[in-house]
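Listed next as structure tokens is one chain, alone, in the form predicted alone.
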């Protein structure tokens, strides 16, 4: 009888261990749309993700081994930076845009404020080769990685080949970024009927749906499109957004709509980081929108909000903070 009990316990432990090891790496949150990313072409694995995380935090990607992805995309701030409006790169060079927060990237079809990159597996090339950011080349990065016995081992574990390539380097980084899923805020709990909004949060949610929801569409809180949100152009930057890529005047001043998830932690706001507070953002939409030929149709009618209504909207926006995501140790170095 005792032997049978021991066997049953061992079988139970084996099943539990097997279940843990085979726990899905990527899970689509309840009632969310299907991701755009094709995982069949770059199947996720624990070893690839861990390699990607190591690369994400390693300044070896930059020319002088001093700037990493995490330099502008800090895990403590929803994977962006908060200490300056524009990104800072190699040799203290100042970029031209605020770094976007990184989360839920598997649902995105394009990347960067102007959509310059159309696939996440290629995204890391942009900062890597940008003279104001990492100022390097993928072939130089690969050469440095090949000299590292640690990376030779990590690449072998991830791809079954110790020969380090640019393709595998980029795919590993994208694997880590794909795991940055934020879907467990108070808002999400309300949607799952696990809790309720306060009366102020509920009022803010209703106002948000009325005035903001078409561009910041649930559940991603972005429509993944490019819009002109009426910001007056910064004459020192002269950044015309999407038009820089398409060369089409119809895309002048269009920038990708950012997600509002974890917005409490991802200030400063807008593509150039001009606003430090959410109240400033709301003031822009009620009294600062500049009329132009490409202005988003959703903003062509004036938005009117009382001070109390603005406070209600901000109360709702704070429910988009996902502490589980923001403080998840598996995303940190």
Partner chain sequence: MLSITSYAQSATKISFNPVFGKPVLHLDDSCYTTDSICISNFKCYISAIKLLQNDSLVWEEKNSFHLLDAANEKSLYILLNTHSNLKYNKIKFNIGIDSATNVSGAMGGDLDPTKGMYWTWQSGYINMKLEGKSKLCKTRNNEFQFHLGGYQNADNALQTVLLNVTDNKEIVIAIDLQKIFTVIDLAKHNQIMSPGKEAVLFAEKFSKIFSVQQ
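Being a predicted model, the structure only gives us computed values, none of them experimental. Residue numbers count along the first chain shown, from 1.
The form predicted together with its partner chain is left out here; the points below concern that form.
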property: Listed range touching its partner chain, judged in the predicted complex by heavy atoms within 4.5 Å, from 180-188, 116-124, 250-258, 205-213; result: 116-124
property: Exercise: residue 165 in contact with its partner chain in the predicted complex, heavy atom 4.5 Å; result: yes
property: Any non-hydrogen atom of residue 92 within 4.5 angstroms of its partner chain in the predicted complex; result: no
property: Partner contact for residue 66 in the predicted complex: its partner chain, 4.5 angstroms, heavy atom; result: no
property: Partner contact for residue 171 in the predicted complex: its partner chain, 4.5 angstroms, heavy atom; result: yes
property: Heavy atom distance at most 4.5 Å to its partner chain in the predicted complex, all of 41, 129 and 138; result: yes
property: Residue (of 224, 142, 158, 231) lying close to its partner chain in the predicted complex, criterion heavy atoms within 4.5 Å; result: 142
property: Contacting member of 245, 220, 106, 85, with respect to its partner chain in the predicted complex [4.5 Å, heavy atom]; result: 245
property: Sequence-ordered list of residues in 72-108 near its partner chain in the predicted complex, where near means a heavy atom within 4.5 Å; result: none
